[in-house]
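Taking the form predicted on its own, here's one chain by itself in structure tokens.
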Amino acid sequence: MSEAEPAAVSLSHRVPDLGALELLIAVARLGSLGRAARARGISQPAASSRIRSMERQLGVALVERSPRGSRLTDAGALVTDWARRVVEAAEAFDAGAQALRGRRDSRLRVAASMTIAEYLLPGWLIALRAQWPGTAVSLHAGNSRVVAERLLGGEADLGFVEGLDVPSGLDGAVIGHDRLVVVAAPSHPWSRRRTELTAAELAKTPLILRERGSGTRQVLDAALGGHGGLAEPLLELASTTAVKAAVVSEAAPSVLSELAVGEELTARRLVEIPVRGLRLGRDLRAVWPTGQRPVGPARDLLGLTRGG
């Protein structure tokens, strides 16, 4: 440790705090400790105590008190001049910090896994716009692994994932729940069977699936791990829309979020296939880097996802 380091560490103990310096400046401007106390929103005894504490800290008398008011000593006048420079520097610091906050709050970068990005985020972002009309929002949609990478790389302010757990390096909060369903085209043999599909049958069937790293794939891999494991997919596609299109074209069945297939099931373009004894539920989570709780528009968006 160098000789300069102890002095740097103890500087905060040797220099009066900003509140004390602002009080001294008020005494110089108003010519009265009582008026200075009122201007600073504190009692006169508290102001007197603060001036005495500052005098002890500096080792010099700063204010002479009399029935006619208070005046600065010669040392007090010099210290007040220095205090003005310190306070001006603090005001510049505060103005700069506010400008940084303003720039930060003028944008929001969101990364979300595909199902949330396509079926839930649009409504949340419309509601957010009413609260932050001047905020520019950018949305990057990708699988859960990509969301985590963007957050950890400082490329997103808030993320949303679907899966079994919070990705490493992130904190999160459950904002909802989802269920995966097995779907097939109406012409597929599974759509006409009278008995429920078994987990083992599902496991050994080549399906059309999302890519590895997606929340959907993670849940399905875990659910079928005890039933022989997932068969090699017939197709791996990077978007839910592409998977649905392939299933509708009768290529093969798939497993997708019920959020994503509601319209197709209602219109009978797809059919839900019951599976006996297989749970395919998952949590929907908001996530952010560990220890960096969302602030500004990101905090308010998080509130909207939880119903305000």
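Just so you know, these numbers come straight off a predicted model, no measurement behind them. All residue numbers refer to positions in the sequence shown, first residue = 1.
The protein also exists as the form predicted together with the DNA; that form is not presented, and the subsequent description refers to it.
Contact annotation: the DNA lies within 4.5 Å of heavy atoms from the stretch 49-57 in the predicted bound form, the single such stretch among 49-57, 235-243, 278-286, 258-266.
Although the DNA is omitted here, in the predicted bound form all of Asp17, Gly41 and Ser70 have a heavy atom within 4.5 Å of it. Mapping the unseen interface onto this chain, Gly34 counts among the residues with a heavy atom inside 4.5 Å of the DNA in the predicted bound form. In the predicted bound form, no heavy atom of Ser249 sits within 4.5 Å of the DNA. In the predicted bound form, no heavy atom of Arg29 sits within 4.5 Å of the DNA.
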